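The chain below stands alone, shown as structure tokens; this is the form predicted on its own.
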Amino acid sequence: MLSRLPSGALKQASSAARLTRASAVSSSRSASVRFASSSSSTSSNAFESFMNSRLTLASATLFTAGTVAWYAHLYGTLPFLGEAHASHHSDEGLHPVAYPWSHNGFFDSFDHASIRRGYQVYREVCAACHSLDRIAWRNLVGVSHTADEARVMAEEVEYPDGPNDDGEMFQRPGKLADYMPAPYPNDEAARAGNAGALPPDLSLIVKARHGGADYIFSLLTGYIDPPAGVEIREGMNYNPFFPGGALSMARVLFDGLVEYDDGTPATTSQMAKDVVTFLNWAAEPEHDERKKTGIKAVILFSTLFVLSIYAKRFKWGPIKNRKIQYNPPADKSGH
């Protein structure tokens, strides 16, 4: 017969059971807390390693530098940095407008009819003061003139040659291989004929001036009377697009100054547009061929890129990802 337990023992047993349950709950909670803390610490460590990696720092630096450079390209200055100029902003000249030239696009070529008209403007107007040393008569063939037309124009100019059998130099008609003649024999004669100013050679003038074709066009069409308060000394002309505002070259283009062979109206803006197109071609005769070669190169390398992706995906992929498994021979001895 079981002995009867006292009430105190029962109370102690119930309290022990409660303590056991409480400890189990607390242990489970602590385990979950430890698991959560470990997962959070793992994610925080991964984030810290990502933020402290060199690739992240380099990417952030490049992004910041690119953003600052792009802002400076668009607006010229940064809002949090001051500028120090040794001269006034007006000394740099008025910035030209960006005109929609027909050859500006990736797939656009020069307007060759405009090049022909521009050469006519250069020959009848600009060649009196400016040279074109880097352009030969043969460069016009197939671009703006035929070989016969270029040969006739070359023969109108006499070039020194020799010596002959007597050891003397002589004059001969020009050939396609000759370069276009300069208006002055040397720089001193050019300065003497232009009140001390040296007319620049126009072979690379579009590339040599900030703003390129837009600047040349704006300069040729931008002559105005000087505003109030601006004094221009005698012999100078006011043009807001020229640095300083005063230049020796007077306005040379006027409506109807030349008569185009194709009947195009010879307005001031039309002549300026044509001669700037011609000078742009003179500065970059390989422009059209360069773009054609670039298009061919893009097509070729794009095709090679697609073929390389195909070879990587369908040829090398199975070879690089194959799994080699060794199955030992079965023991047939029966042991």
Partner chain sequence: MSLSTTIYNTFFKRNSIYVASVFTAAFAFGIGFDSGVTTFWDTWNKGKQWKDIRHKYVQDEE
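Predicted, not measured: the structure shown is a model, and the values here were computed from it. Positions refer to the first chain, counted from 1. Heads up, when I say rigid core I mean the largest set of C-alphas that superpose within 1.5 Å between the two forms.
The same protein also exists as the form predicted in complex with its partner chain; that form is not shown, yet it is the one meant from here on.
Proximity to its partner chain in the predicted complex, taken as heavy atoms within 4.5 Å, picks out 103 to 111 from the listed stretches 228 to 236, 244 to 252, 209 to 217, 103 to 111. Val143 is the sole member of Leu204, Met153, Val143, Leu94 with a non-hydrogen atom lying within 4.5 angstroms of its partner chain in the predicted complex.
At a distance of at most 4.5 angstroms from its partner chain in the predicted complex, none of the three residues Leu55, Ala58 and Arg313 contributes a non-hydrogen atom. A residue is said to contact a partner when one of its heavy atoms sits within 4.5 Å of a partner heavy atom; Glu284 fails this definition for its partner chain in the predicted complex, lying far away. The closest non-hydrogen atom of Arg123 lies beyond 4.5 Å of its partner chain in the predicted complex. Proximity of Glu149 to its partner chain in the predicted complex: non-hydrogen atoms within 4.5 Å are present. Taking non-hydrogen atoms only, His130 never approaches its partner chain to within 4.5 angstroms in the predicted complex.
Residues Asp288, Lys291, Lys292, Ile295, Lys296 are the ones in 269 to 298 with at least one heavy atom within 4.5 Å of its partner chain in the predicted complex, listed in sequence order.
With a cut-off of 2 Å and the rigid core superposed, Thr303 has a Cα displacement that reaches or exceeds the cut-off between the shown form and the other one.
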